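One chain comes next, on its own, written as structure tokens: the form predicted alone.
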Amino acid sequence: MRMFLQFQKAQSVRHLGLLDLQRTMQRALRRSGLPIAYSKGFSPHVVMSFASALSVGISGDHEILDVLLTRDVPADECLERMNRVLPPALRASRVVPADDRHPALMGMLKQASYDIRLEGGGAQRIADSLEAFLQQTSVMAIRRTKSGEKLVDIRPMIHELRVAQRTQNEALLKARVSFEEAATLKPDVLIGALERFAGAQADAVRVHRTGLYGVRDGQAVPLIDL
């Protein structure tokens, strides 16, 4: 049995790195008493993986951990046992059981959504320029890939971008962008493109990932529901 565990990475632990998060989850899994599977060999480890690792400094609402279990366990029992041992900042919200042959979630991931909170005088200028920014047919930006830096058109990678809320010195943007190996648009690249277009810079930026999605029949579907 595979257990897809949906959990949050709260603002208070947004600077927790991937290795620390892995250790925390492994420790919680062992303490939970669930029948977790271990790898073979001289140094056995918990068989688990994240659908997508969050960058340091970014929090998230619907992160997903994929864990292999040695036998079937009811989803509600898995959820209760994990929340008993997880800290509140990493609280789990849902468990979905899956067959061992289910494809890796990382390979099914196509899009991600974010809340981007801009603060300071430049926030309003960026928000005001959003409509004109989206009217562009091409937006060139530098994207880092495994082979180095590359100039790419990020406009096709933007599926949704809007101003959700604004005050005098703050603007909240909602974004949904491509998130796959051949076409990933990271929030910092999007923010940089917005700032260059607006000719303004936010004094502070806070990014929160709100969802991970696959695509079914051309529509974005929460990854855990695929």
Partner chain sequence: MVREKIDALLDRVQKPARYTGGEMNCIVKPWESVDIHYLFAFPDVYEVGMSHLGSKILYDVINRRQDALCERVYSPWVDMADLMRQTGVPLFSLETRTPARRFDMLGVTLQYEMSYTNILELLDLAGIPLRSAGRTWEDPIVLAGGPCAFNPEPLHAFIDAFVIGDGEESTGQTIDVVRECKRSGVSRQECLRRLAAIPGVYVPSLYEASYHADGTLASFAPIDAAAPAVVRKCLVQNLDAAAYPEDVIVPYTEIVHDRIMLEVLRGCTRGCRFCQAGMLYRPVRERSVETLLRLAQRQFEATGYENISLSSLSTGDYSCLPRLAHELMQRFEERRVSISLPSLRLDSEVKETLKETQRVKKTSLTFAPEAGTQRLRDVINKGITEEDLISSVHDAFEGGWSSVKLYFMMGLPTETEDDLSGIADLAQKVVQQYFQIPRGVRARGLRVTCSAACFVPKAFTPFQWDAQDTLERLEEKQRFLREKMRIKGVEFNWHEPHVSFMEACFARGDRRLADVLEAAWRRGCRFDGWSDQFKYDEWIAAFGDCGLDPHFYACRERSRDELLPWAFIDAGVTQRYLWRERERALQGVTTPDCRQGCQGCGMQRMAESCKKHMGEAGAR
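Positions refer to the first chain, counted from 1. All values reported here derive from a predicted model rather than from experimental measurement.
Another form, the form predicted together with its partner chain, is not on view; read the next lines as being about it.
A residue is said to contact a partner when one of its heavy atoms sits within 4.5 Å of a partner heavy atom; Leu109 fails this definition for its partner chain in the model of the complex, lying far away. Interface residue remark: Arg30 is counted as part of the site for its partner chain in the model of the complex, having a heavy atom within 4.5 Å. Contact annotation for Leu90: at least one heavy atom lies within 4.5 Å of its partner chain in the model of the complex. Among heavy atoms of Val85, some come within 4.5 Å of its partner chain in the model of the complex.
Taken together, the three residues Glu180, Thr184 and Lys186 lack any non-hydrogen atom within 4.5 angstroms of its partner chain in the model of the complex. Checking 190 to 198, 153 to 161, 41 to 49, 167 to 175 against its partner chain in the model of the complex, the stretch whose residues place heavy atoms within 4.5 Å of it is 41 to 49. Residues Ser12, Val13, Arg14, His15, Leu16, Asp20, Arg23, Thr24, Gln26, Arg27 of 7 to 27 are found to place at least one heavy atom within 4.5 Å of its partner chain in the model of the complex.
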